[in-house]
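For reference, the chain that follows is the form predicted on its own, supplied as structure tokens.
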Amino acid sequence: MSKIDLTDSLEKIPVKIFSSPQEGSVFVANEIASLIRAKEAAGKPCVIGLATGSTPKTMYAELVRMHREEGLSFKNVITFNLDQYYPMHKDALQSYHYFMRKNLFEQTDINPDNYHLPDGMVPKDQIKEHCLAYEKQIEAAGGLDLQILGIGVNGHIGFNEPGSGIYTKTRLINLDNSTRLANAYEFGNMSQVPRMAITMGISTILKSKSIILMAWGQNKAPVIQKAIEEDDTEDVPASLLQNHDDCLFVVDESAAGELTRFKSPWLTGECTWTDTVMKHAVVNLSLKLQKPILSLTNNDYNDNGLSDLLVEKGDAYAINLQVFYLLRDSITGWPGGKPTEQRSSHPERHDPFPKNVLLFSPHPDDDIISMGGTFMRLQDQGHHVHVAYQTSGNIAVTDEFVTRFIDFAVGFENMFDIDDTKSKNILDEAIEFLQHKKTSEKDTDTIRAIKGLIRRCEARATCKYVGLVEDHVHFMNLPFYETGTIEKNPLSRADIQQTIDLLNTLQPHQVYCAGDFADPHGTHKVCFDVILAALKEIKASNAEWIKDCWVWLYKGAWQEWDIAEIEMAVPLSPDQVIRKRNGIFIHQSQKDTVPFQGSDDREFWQRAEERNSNTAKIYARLGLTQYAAMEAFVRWKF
């Protein structure tokens, strides 16, 4: 008898999991294309409900590619978008009208009369009538054949916030504060984010013949688990999709990370007890029972679904020791390896020493924020440390901060009677622009250059504070970032080649890069993809140095690694915590009020200290030594 696969036994909605958002987006695009062609062959219109935001962008790009290269026609397609900010002019940069025209409609042959979106400028006393008319338009088109959805971190679909009922229809709704924070990256300032929106209701969505919900990234994982595995509830609107007969969730591996089949696979059926799975199980058990690992008993394992592990390993005492040693051996004060200690269990090799170390920082402050203590340790312990700042970070500097620096520059010239006509003209141009700059207006090249210079000076000062020499600091200014807006260009050959050239020049034994993809404007993920592509090409070229290169991923500004994932934990003393904080303070343009902070309104130094302190506390709760703070890393094996 063949063995029954029970890995998805707790999931109430079908899920397809892909290794990357790109692969998932291509799958959804193919599903849409197949539907369009089938309807066209039957001589019928294809009615599709569309979503906006960062999640479906790659999917729309694939549809555009299929239109241009494979002849996919949209002439028989009728679309209805889920929602629109209110109030919002259709030509505003943050308007979903603008988003859809730019990403799909103007790139295909769809009839402009066939795409529909809620009107963000309809007079308020006419909204109910407008919403009712929108519902009737959908019905008149024959109803939705397919609805595409994204999902908010609070579980909203469309703009149906927690509390939205299953019978709700298209309406005006107040946006939850968490939604406004999550979308603040589109505006640059939280105060500019509209407080209301017009959205299709849950009932409207559920009337669609089929539904595909897309989700990418670790920050979506908790709500994906709730929507799929827990009971349906208005508190998590996406969970109401459990009531639909043809609904599919398409997610990447990161967004699927909290599903039981990955988080606690021993609860879904038979489990292969690798060291990694065992470590996850025992750490979770220890934290759940609030007992140190070495105090767990056979009864603890039996009472919490881990009896199979006892059968496999024989005894709680042996399991406890094995996991305890795995955690203990991840702790090191020598992130580059300790030359006088040749123990095989150390997270890093002791040889060679000193090492060439290349620390990639997506923005000009991620190095000190996310791994400042480790950065200093590596430098103090004699390694050849280089830092590569991948982007200029210019969009994260406020206009007020630029004005402050321009005032200084003008005052400096006046004080010392410096007559530099060219610089005076540049400053006059910048002052004139800022005085008349409109909301959401794109910065001029001059303003962007000034903002980039501000961040470059802060980064260089931080490196001096740590002890780096000038030629060990590299400002890459990768082209994908330099658009002047939140929306970036796709990564290009130029981004990858520049990274390849730097890696081949430095030939590092250690590479550190950001594995924190909750960054609200996505820069961390693109920067990681650039490094990944560069390393793969170098490996394929059989470069000798790559054989001795280890890659470590850090987090810290937005998230932290799960304690069971950590492969290297670098402890910080109280003095080192203060030293790291002072290094973060050098980035004055990012203190106090920072654009695009996401849903966490604390300053970066506060976030970093809380995360580092919490990591140390968890290690202590598991029975390990109590430190003031810890920075955590996972090795990426390419």
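So that there is no doubt, residue numbering starts at 1 and follows the sequence shown. Computed from a prediction, not measured in an experiment: that's the story for all the values here.
Another form, the form predicted in complex with ligand F6R, is not on view; read the next lines as being about it.
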Fill in: Candidate stretches 143-151, 469-477, 86-94, 256-264 - the one whose heavy atoms come within 4.5 Å of ligand F6R in the predicted bound form
143-151
Discussion item. If the cut-off is 4.5 angstroms on heavy atoms, which of these, I584, L63, A51, A569, is the one near ligand F6R in the predicted bound form?
Written reply: A51
Item to complete: Work out which of W561, Y134, Y185, Y481 lies within 4.5 Å of ligand F6R in the predicted bound form, going by heavy atoms.
Response: Y185
Worksheet entry | Partner proximity in the predicted bound form: C527 to ligand F6R, non-hydrogen atom cutoff 4.5 Å | no
Discussion item. Please tell me whether any heavy atom belonging to G336 falls inside 4.5 Å of a heavy atom of ligand F6R, as the geometry stands in the predicted bound form.
Written reply: no
Practice prompt. Evaluate G158 for contact with ligand F6R in the predicted bound form, applying a 4.5 angstroms cut-off between non-hydrogen atoms, and reply yes or no.
Written response: yes
Worksheet item: Just to confirm, K220 within 4.5 Å of ligand F6R in the predicted bound form by heavy atoms?
Response: yes
